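Consider the single chain below, provided in C-alpha cells and representing the form predicted on its own.
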C-alpha cells in the first residue's frame, strides 16, 4: 500500500490556487511595506463637484486590496480541501489533508449548525449574540468551538487509540500505511508515528480532551473562589479586606511556575497538601450558590429553603465524592472516611493535584480583579438606590453589583482559560502532575522535542494545536471586550 500524499488528487486543482494566493499576498505585503516606507499614504475621501464623496485610491489601497482578496482565496481554498476530503471517500485520493478533514466530519457539522442557529437568533442572545457582529470574535469563537467539538467527538474522530503502539511505525512520516492492518482498522498514520509508534494525529485529538476537561472547569472554580472572597472584601472593606488581600498578595508573591512546581512536587503530594487544599477550595462553589440564592429569594422563605436544600444536598454529595477516594490507600484516613457506596465518582490523584493547583494559583488573581471592579461599581447611583430601598448587603453585592461586572469578568475568564491551557502544557512538558502516557499536548511536545531536528512531525501538531486554542481564546476575549464596551 502506497503512502498518502498531502493533498492527493484534490491538490491537482487546489494546490496551484493556494500557492498563487500565497504568492500574491507576499508580493502585496512587500509592496505595501515599501510604499509605506517611501511615504505613500492610503487613499482619502474627496468631495466631488456635486458635493458627493468618493474614495481616491492610491497604490497602497490596491496593495491592501490584493492582500485582502488573497486571504479570502486562501480561506476558500482551505474550505475546498475540507469539502473535497469529506466527499472523496478514498484517503488515497483525498490525501492526508482530505483524510483528516473526513475524520473531523462531526466537528464541521457541529460548527455549521452552531453558527447557523446563533446567527439566526443573535438579536435574542444578548452579549453572545453580539459576538457574531465582530469578525475577530467570530474567528476566536470558531477556533475554540473547533477544539471543543473535537474533544466531544474524540472517540469517533481518532482513527487509533492514544496509547495504541505499533512498533514498526516508530517515527514514521505522515501518511505512512500500517504494515499489517487488521480488518476494519484505519490503514494509515495520518500525521505519522511518534518515538514509541503511536499515532500522532490520534494523540493530538485526545490531547484536546485532556486539556479541555481541566482548563475551563478549573478556571470556573477559581472564579467562584475569587468572586466569593473579592465581592464582600471590596464591599465591606475594613479588616476583612485587609486580611484577604494580604493572603492573596502572599500567594501572588510566588512566581506562578515555581508555585506549580511546589504543589505537584512528590514530597508535597505525599504530605497530602493538595488534598487538604481541595477540602477548602471545593467548598466555595457550594458557598457561592447558597449565598446567591438565599439573597435572591430571601423574601420567599419556602422557595428559598427548597433551593438552598438542593444546593447543599447535591453540592455536598459532589463535594464529598470529589475529595474522597476510599480505594486509595495512599490518602490520609480523613479522605477515606466517606463510604465507597456513596462515592459518586473518583478523580485520579494526578488529575486532582493539577486541578487544585490551577484553582489555587488563579484564585488570588481573580480576587484582585473582582475587588478592583467592585470598588468602582459600589459607588454607582443604582447601588445607592438599592441601599435606599432597604435591600440587604448580599443582595446588592450578588444581584446589583456582580451582574454589572460581567463584561470584564467574562473577558478575563476567556483569557484565563488560555493562561491555564499554557500552564497545563508547561506542566506536561516538564512531566509534572500528569501520567507519563497522557496524550496531553505538553507531554506530547516534550516527547517529540528529543528528536525534533530529525523527526519534527511528532512535536509540531500538538504545538500548533495548543497555539490555535490559545489564539482562539484571546481573539474571543477581544471580541467580547469590543462588544461589551458598546453596551
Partner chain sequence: MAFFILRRFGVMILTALCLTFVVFFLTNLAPNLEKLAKTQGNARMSDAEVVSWLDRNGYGGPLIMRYGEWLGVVPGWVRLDAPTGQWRGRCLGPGDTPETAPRFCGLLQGDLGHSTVSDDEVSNIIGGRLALTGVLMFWAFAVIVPSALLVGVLAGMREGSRTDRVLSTFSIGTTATPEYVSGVIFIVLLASSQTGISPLLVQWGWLDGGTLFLGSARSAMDGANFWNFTLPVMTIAFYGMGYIARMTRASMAEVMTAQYIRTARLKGVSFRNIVLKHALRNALIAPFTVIMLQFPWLLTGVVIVETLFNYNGFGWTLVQAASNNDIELLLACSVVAVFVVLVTQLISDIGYVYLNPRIRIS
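Numbering follows the first chain given and starts at 1. Just so it is clear, the structure is predicted and the values come from calculations on it, not from any experiment.
Another form, the form predicted in complex with its partner chain, is not on view; read the next lines as being about it.
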**Asked** Looking at 395-403, 99-107, 211-219, 266-274, which one sits within 4.5 Å of its partner chain in the predicted bound form if you count heavy atoms only?
**Response** 266-274
**Message:** residue 425 versus its partner chain, in the predicted bound form: is there a non-hydrogen atom within 4.5 Å?
**Reply:** yes
**Request:** Classify residue 33 as contacting or not contacting its partner chain in the predicted bound form by the rule of any non-hydrogen atom within 4.5 angstroms, answering yes or no.
**Result:** no
**Message:** I'd like to check something about residue 258: if you look in the predicted bound form, is any of its heavy atoms closer than or equal to 4.5 Å to a heavy atom of its partner chain?
**Reply:** yes
**Prompt:** Does residue 112 reach its partner chain in the predicted bound form if we count a contact as any heavy atom within 4.5 Å?
**Reply:** no
**Fill in**
Looking in the predicted bound form, the residues of 457-478 with a heavy atom no more than 4.5 Å from its partner chain, listed in order, are 459, 460, 463, 464, 466, 467, 470, 471, 474, 475, 478
